[in-house]
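The chain that follows stands alone, in the form predicted on its own, written as structure tokens.
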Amino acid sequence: MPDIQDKRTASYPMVPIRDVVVFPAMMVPFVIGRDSSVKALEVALKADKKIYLATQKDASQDSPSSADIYEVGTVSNIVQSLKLPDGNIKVLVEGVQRARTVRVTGAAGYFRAEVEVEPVPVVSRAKMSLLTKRLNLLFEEFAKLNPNISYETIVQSTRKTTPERLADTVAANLPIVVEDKQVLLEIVDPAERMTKICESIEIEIEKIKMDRSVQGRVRRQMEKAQREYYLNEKVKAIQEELGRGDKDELEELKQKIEAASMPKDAKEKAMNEIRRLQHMPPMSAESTVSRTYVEWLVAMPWKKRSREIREIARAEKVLEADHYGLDKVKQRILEYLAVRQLTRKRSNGSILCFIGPPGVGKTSLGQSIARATGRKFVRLSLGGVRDEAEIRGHRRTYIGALPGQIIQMMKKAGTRNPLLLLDEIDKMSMDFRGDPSAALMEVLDPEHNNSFVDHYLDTEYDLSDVVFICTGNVRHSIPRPLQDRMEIIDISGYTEYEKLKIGRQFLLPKQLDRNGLKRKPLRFEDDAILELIRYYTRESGVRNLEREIGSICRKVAHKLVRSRKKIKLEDQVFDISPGKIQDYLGPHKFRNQMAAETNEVGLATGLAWTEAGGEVLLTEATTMKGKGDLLLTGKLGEVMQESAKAALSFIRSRSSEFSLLKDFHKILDMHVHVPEGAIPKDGPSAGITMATTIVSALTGIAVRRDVAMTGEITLRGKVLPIGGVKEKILAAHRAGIGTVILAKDNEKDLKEIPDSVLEKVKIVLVDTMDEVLDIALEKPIKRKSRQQRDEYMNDPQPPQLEGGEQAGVH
């Protein structure tokens, strides 16, 4: 035994090694290149040629610390060293004894380790003999399965050595990872170490057997596939001798190709696939793919067209019969048809896109246009589409490949000139599979969609005869390049009068017919429909109104069926009046949207725009003693919070003119709240509303309840224009507001407001916040002159309101 066994502790130069574990009695060559390791080697060579080798935990680290090195390593003898031309040193070492690191120092430019050698436990000879025999048998079996292991060489070299050396030699030659070898090195007990090695060998044997089993299965499957191919070829030859086979089917496909009137490129691709099919086994997977591709080419409407109706009078009659109002949209459709009638040829017209809140009739408009022009109608919903392949299709190399939805809709229509409605175009998204909106740009470009290429068809298809109609709820979520390819027509919400007409002319007859009451005595009064509109629905469209009418019709049908045994059906009369609505639908679902019952201090009425149309937005403000904090609640967005801060800054800059306490922003906390706090709100249009509310709270002057306002405020008190004017004025009209304050730059938007609404709602156009306050507040603010404002700013005492109350404290 080496003399190291006589020592309990010793100090040696230490070299951290990578991707290798040195076991006792093991000869290992490796290259040393790090400066600290080279220096440690040189120190060891000058001394007794003993060096301590320990493995790094992470081999990628070039400058490991003591914490990055395993605690158990091997004291080794340096057998040979050779300096290489690149400056590195190649060494050959022999492991002597496993040891545990006690302390590592690196002050001299290299690692020096103080190590402790643990005594080897004494194990009975009988136990070691049994373990040695088991290890030899397992290693022999492993060596037979793994040709890379030289069993005889390893056993011969350890035949006359101790069992401990045999275990270390086998462990060093096992093809296991460095971490597992380190575990074996750290086991001091020879019996425990041999048991662990045996377990590792058994695991490796199972892995080799599993690999061989899988390889055998793969080989058998390949032989089976070759056998099937041979038999299929033989069957094919026999069928040809008998005059049978799939020639009839291929001939039928050829005839369909000739009859499909394909373009030259598509026809060549189809015939190439037919030629490939003639040389393929009928049962092969490739044959199925080619056959499906040819069937898709044949099924496409290359030349088939539906006869287009271009009569303006008929189209106008259809549109008027299907929809009430929407004059601008109807006029644009009639213009489109007039252009086609005059040109009498293919018209690369613009793509129409209807943008508006839910329930205003965007999808049904597309159906009406198709009916008016005699085109086939197909609808494609783009809501939630994230994959570009949904538009352009998959390439045929993929399993289960299909054409995109555009080509599928063309096949479904059966003609090359249908009306294709792209519904919910604003609901598209994108992910790692691509951007479907980018793929739609070619589809919706009249200059380029005559050569649309689907990835599956892999040939050009002409979409220029298709009338594309797009619909969406909002404009901002549609990418700008896609908007540029469409003519966007905004469809606003309906007025109360328009909803009444739609309910009477369209919704009521439809629900009576659907619920079996078309010929039954059921009469709806106009006031009852107005009751539904005001207190049971809150929307820009009429979808919920139709649901409520349908709910009443179902309840009436239920009553009819239950009472038909007692009273004849023809004697039943149901008059639906406003007073009976609650008997059918229960209490009111919505209260009438009014700003307030009376004029109040710190409460103003704003107007907001949502995807569902316009809304009345109440805004509250109050003051309290504090430190000048501004508290904003009501789930306000970032832009809306900035509007409130801008409004407060404007008021602070005009505090002397409004006779406010000079330092009110230091001694008062301001709380601004927008009710219905569970609903997110954002946008700059509430700026003047918040300013009015704060001024009212600070001055004690109430805000008029019949005045609503919308507009963005600047720090100088200017009122800037906003969007959604029509929807907001309609919301004010529904809420019974008498006056609406708008920015002067919004005057151009008033042309879209129905005259019936403008007769009941007074529109006041303003430029500055002073004009807003003069109109909105119950009484004017007593503004100070310039001299009074100068005296106010220089006066250290706060002004007093009537009754001795300080200004700005309420």
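Note that the structure is predicted; figures quoted are calculated from it, not measured. In case it trips you up, residue 1 is the first one in the sequence shown, and so on.
Below: the form predicted together with a small molecule, not depicted.
Of the candidate stretches 80-88, 262-270, 358-366, 435-443, only 358-366 has residues with heavy atoms within 4.5 Å of the small molecule in the model of the complex. When the small molecule is considered in the model of the complex, only one residue from Tyr535, Phe377, Phe506, Trp296 comes within 4.5 Å through any heavy atom, namely Phe506. Distance criterion of 4.5 Å from any heavy atom to the small molecule in the model of the complex singles out Val542 from the list Leu660, Val542, Leu185, Ala621. Residue contact with the small molecule in the model of the complex: Lys580 places no heavy atom within 4.5 Å of it.
Taking the partner from elsewhere, Leu326 is found to have a heavy atom lying within 4.5 Å of the small molecule in the model of the complex. Contact annotation: Lys510 falls within 4.5 Å of the small molecule in the model of the complex, judged by heavy atom distances.
The small molecule in the model of the complex is not approached by Ala99, whose heavy atoms all lie more than 4.5 angstroms from it.
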